[in-house]
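Next up: a single chain in structure tokens, the form predicted on its own.
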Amino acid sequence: MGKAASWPQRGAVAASAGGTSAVWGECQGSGSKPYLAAVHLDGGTGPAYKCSCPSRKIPCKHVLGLLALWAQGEVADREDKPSWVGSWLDGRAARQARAADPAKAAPADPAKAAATLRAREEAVAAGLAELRLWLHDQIDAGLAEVPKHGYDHWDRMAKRLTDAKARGASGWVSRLPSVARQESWPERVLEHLGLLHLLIDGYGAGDALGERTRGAIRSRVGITLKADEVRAGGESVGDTWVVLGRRTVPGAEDDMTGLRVWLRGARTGRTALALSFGRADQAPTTPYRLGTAVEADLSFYPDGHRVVPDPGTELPGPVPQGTTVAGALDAHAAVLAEDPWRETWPVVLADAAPARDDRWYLADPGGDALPLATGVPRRLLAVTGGRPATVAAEWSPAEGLTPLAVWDRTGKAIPL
């Protein structure tokens, strides 16, 4: 990997102002196709990395090997470059230009864009009206019928919602078969159907609801905004954003993987969620690293929580301010008041210690505790020795607490 012979094709792209703009290479591994790796060095927001290998580490070993060769003078400037390098660099340049000038994100034909949006909203409304009738049919038939239904029963409704451009609601219906297989399934299924019914009513309420709730509903049914639109018109909040932790989750489609990174503003206390997605052969990327903070103006989506990732200026991250279990649950309740469909929320518990009764818990000094979604918290026990520490985790009433990170006695952040 760090040998020139492993990189039969490699080169450096000269910057117009002098120096090197990017380094690229094709690493011949054990497979039939080489791994394609590149580094953008002068993108204005710090180095950016790209590699076709399946590693989830960023940068991966191929990128590091390529950089090592370049540092040793083994990668010469070349006038030509492969098309995949050119496409990647052009795409990054276009995104940076749009970010620098939000006016460029505005649609070329606002009237046509508004008409397209109205048509979509009407299609979604028609799909949700059909979903309402379908929900009533499920209740009229009785929950006892639910286990008898095959996948076709749920898929038919999900596909009709997809055709109505309500892909978010379609996803909720598609999850019903798995909900029906869970423990205490009657309660879970009834809760799921109730949330769907609430989503329909919320969409119909329109402007009568608060801005964040409207944003959450439109996102849940599948009417989303592009990142450029959010940068141009979304709420912008400047702060020092402390990275609380990250969690890889399944994507909306079978061949996709999602990455949730939670941030908290040191001055505003605002919570931000940076989402990224990747196909099965490419891990999702994020500019945020645990143990750091980022000074940046983040653009929020209308739901008030999701943000467009912005690398900003990276700083050493302090230990985030924690709270008690009661404080964490109060914060979660406030979020649910605006977005009842939110399934997970980050909590930071101060002086929290693992405890075991019928299962494992994380307890605060007052004796209040939240159950862990995982089994034995071995890594947390190894880091803390069972002593109290600041722990960041995702809280889900249905699943429990999933630890994301712990800060040890020296203040070092360790992923869990």
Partner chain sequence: MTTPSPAPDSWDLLVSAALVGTARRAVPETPDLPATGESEGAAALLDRAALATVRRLAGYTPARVDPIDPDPGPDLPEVGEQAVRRLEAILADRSELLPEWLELVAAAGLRAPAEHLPALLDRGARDSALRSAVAAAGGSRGRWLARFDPDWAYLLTESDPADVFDEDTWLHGTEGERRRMLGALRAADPARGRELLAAVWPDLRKAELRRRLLEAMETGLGPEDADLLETALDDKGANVRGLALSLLTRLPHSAHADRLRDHVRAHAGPGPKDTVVVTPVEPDEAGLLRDLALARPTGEIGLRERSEYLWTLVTRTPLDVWTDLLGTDPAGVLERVARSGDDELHDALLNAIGVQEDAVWARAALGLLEGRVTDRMVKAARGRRSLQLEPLLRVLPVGERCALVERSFGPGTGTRDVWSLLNAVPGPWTAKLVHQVVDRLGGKGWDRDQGGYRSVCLLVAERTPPELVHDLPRETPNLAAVGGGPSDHAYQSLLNTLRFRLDMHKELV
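Predicted model only: the values in this text are computed from it and were never measured. Residue numbers count along the first chain shown, from 1.
Heads up, the form predicted together with the partner chain isn't pictured, but that's what we're talking about next.
Trainee: Which one, 306-314, 187-195, 78-86, 265-273, holds residues whose non-hydrogen atoms are within 4.5 Å of the partner chain in the predicted bound form?
Mentor: That would be 187-195.
Trainee: Identify which of A71, A129, A119, L143 has a heavy atom within 4.5 Å of the partner chain in the predicted bound form; exactly one of them does.
Mentor: Only one option qualifies, and that one is L143.
Trainee: Which residue, G29, G386, P54, P47, has a heavy atom that falls within 4.5 Å of the partner chain in the predicted bound form?
Mentor: When the partner chain is considered in the predicted bound form, the option within 4.5 Å is G386.
Trainee: Hey, in the predicted bound form, does L336 get a heavy atom within 4.5 angstroms of the partner chain?
Mentor: Contact with the partner chain, yes.
Trainee: For A398, is any heavy atom within 4.5 Å of the partner chain in the predicted bound form, or not?
Mentor: Taking the distances in the predicted bound form, the answer for A398 is yes, it comes within 4.5 Å of the partner chain.
Trainee: Using the partner position in the predicted bound form, report whether P340 sits within 4.5 Å of the partner chain, counting heavy atoms only.
Mentor: Taking the distances in the predicted bound form, the answer for P340 is yes, it comes within 4.5 Å of the partner chain.
Trainee: Could you tell me if A93 has a non-hydrogen atom within 4.5 Å of the partner chain in the predicted bound form?
Mentor: A93 lies outside the contact set for the partner chain.
Trainee: Can we say D201, V325 and R356 each have a non-hydrogen atom within 4.5 Å of the partner chain in the predicted bound form?
Mentor: Yes, all three are in contact.
Trainee: Only counting heavy atoms and a 4.5 Å limit, does any residue of 366-390 reach the partner chain in the predicted bound form, and if so which ones?
Mentor: Contacts from 366-390: G366, G367, D368, A369, L370, P371, V376, R378, R379, L381, A382, V383, T384, G385, G386, R387.
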